[in-house]
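Next up: a single chain in structure tokens, the form predicted alone.
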């Protein structure tokens, strides 16, 4: 299916590895021109070169920390200066810090709120004046299954910040609908990729991995970054023109919610 994304301009944060890299690759395959950011310059440049192929001008790599107060403005301005417009924003950068609630400090909360919530909202705020009024502009946030549902012990930081992101996006969708900007979130479940958190957790524990799959993953396997990326590309495209204010679970029925 042609998603109708050829030559649309997309920003993707956290694009050097994992989900962000897969999302950027999916958008590039659909013909998007890209502005990519991540903190690690070498990995980011490698990703950009791979996606640009023999057309280097189609992809701009901007190494930065998206939690810096001026990063969102720099990123949006770079997109406008390079390509003259902006159609899609994918807020993917995020992270986790496992701690029991009683051990989580104010600094822990500040850092996770910045990374998982405020950085993405700041980017959206900077981008909206350039997105508004376009034909089917889109913002997609990568949240988590554990923003839709209770994540379990030591996940209060992650759960709360991802839940806040989903909630904010729902309100943004209502406010921005008259300006023709769609806002959605995806909520991945357990996604496995080399170097990712699940890979590190089970690298030396194959039996533990098998038990986790049997107990938690009805499809009998982890999800992949490409599967998340395919959903994000669709949400960012005109093919999803009626979809806004949605949070799509990408979890292979791992969740137990009625939502």
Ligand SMILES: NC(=O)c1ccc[n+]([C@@H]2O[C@H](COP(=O)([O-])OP(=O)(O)OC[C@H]3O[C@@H](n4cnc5c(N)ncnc54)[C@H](OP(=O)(O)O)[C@@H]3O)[C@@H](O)[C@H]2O)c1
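Positions refer to the first chain, counted from 1. Keep in mind it's a predicted model, so treat the numbers as computed, not measured.
We do not show the form predicted in complex with this ligand, though everything after this point is about it.
Looking at this ligand in the predicted bound form, residues 18, 93 and 144 each place a heavy atom within 4.5 Å of it.
This ligand in the predicted bound form is approached by residue 191, whose closest heavy atom lies within 4.5 angstroms of it.
Taking the partner from the other structure, this ligand in the predicted bound form has a heavy atom within 4.5 Å of a heavy atom of residue 66. In the predicted bound form, at least one heavy atom of residue 115 sits within 4.5 Å of a heavy atom of this ligand.
When this ligand is considered in the predicted bound form, residue 201 lies well away from it, no heavy atom lying within 4.5 Å. Checked against this ligand in the predicted bound form, the residues 56, 208, 220, 40 give one hit for a heavy atom within 4.5 Å, which is 40. Proximity to this ligand in the predicted bound form, taken as heavy atoms within 4.5 Å, picks out 85-93 from the listed stretches 100-108, 128-136, 177-185, 85-93.
Along 150-172, a non-hydrogen atom within 4.5 Å of this ligand in the predicted bound form is carried by 158, 162, in order along the sequence.
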